[in-house]
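The chain that follows stands alone, in the form predicted alone, written as structure tokens.
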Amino acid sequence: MAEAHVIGQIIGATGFSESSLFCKWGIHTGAAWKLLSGVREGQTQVDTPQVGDMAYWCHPIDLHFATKGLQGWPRLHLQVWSQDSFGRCQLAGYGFCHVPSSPGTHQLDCPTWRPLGSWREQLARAFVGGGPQLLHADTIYSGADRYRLHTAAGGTVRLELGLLLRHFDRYGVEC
């Protein structure tokens, strides 16, 4: 089988109005992809920027896949959360990006968004915290129902991913 090895890190996030940010991440692939080593999801630590607005996480990602074809190429889905002084967490943004398909090191900027909700939910979010969230995480990367959502732009998550491909030509998989 052809193999793909993704090595990199979630560097951090910038452009969010909230501080004390952390990121939950996961990888989604098609049925032809098998995870040989690594974990499919994870969470960074909380970082409160002291200078500027960049929250640094430097969270490692190390995934090794075997595949029979290109359909269902891996994509990272991200959820950025903020934590207040009482330890309460609220959603700051959702985002996703495809893992690059060419070998080498890649810098990626992943824009994020969050659901707005009704004016009452927006008012409650401003004073109490919380706010609307997606019921199904696959809405982040599938466009089926996403076009009907009213959303607000969030910040940007910066990633650095390295991709190694092995035996793609031997098994007739062309990139």
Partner chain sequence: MAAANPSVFLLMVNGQVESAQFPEYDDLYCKYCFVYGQDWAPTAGLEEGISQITSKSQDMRRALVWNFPIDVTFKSTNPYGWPQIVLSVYGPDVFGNDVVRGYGAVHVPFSPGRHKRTIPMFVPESTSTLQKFTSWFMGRRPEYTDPKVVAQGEGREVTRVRSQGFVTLLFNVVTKDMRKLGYDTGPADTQGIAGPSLPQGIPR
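Bear in mind the structure is a predicted one, so any value in this text is a computation, not a measurement. Residue numbers count along the first chain shown, from 1.
Same protein, other form: the form predicted in complex with its partner chain, not shown, and the subject of what follows.
Engineer: Residue 159: heavy atom within 4.5 Å of its partner chain in the model of the complex?
Structural biologist: No, residue 159 is distant from the partner.
Engineer: Is residue 112 close enough to touch its partner chain in the model of the complex, meaning at least one heavy atom pair within 4.5 Å?
Structural biologist: Answer no; every heavy atom of residue 112 is more than 4.5 Å from its partner chain in the model of the complex.
Engineer: Quick one: does residue 59 come within 4.5 Å of its partner chain in the model of the complex, counting heavy atoms only?
Structural biologist: Because a heavy atom of residue 59 falls inside 4.5 Å of its partner chain in the model of the complex, the answer is yes.
Engineer: Does the 4.5 Å heavy atom contact test between residue 27 and its partner chain in the model of the complex come out positive?
Structural biologist: Answer no; every heavy atom of residue 27 is more than 4.5 Å from its partner chain in the model of the complex.
Engineer: Scan 24-47 and note down the residues that get a heavy atom within 4.5 Å of its partner chain in the model of the complex; none is a fine answer too.
Structural biologist: Heavy-atom contacts to its partner chain in the model of the complex: 37, 38, 39, 43, 44, 45, 46, 47.
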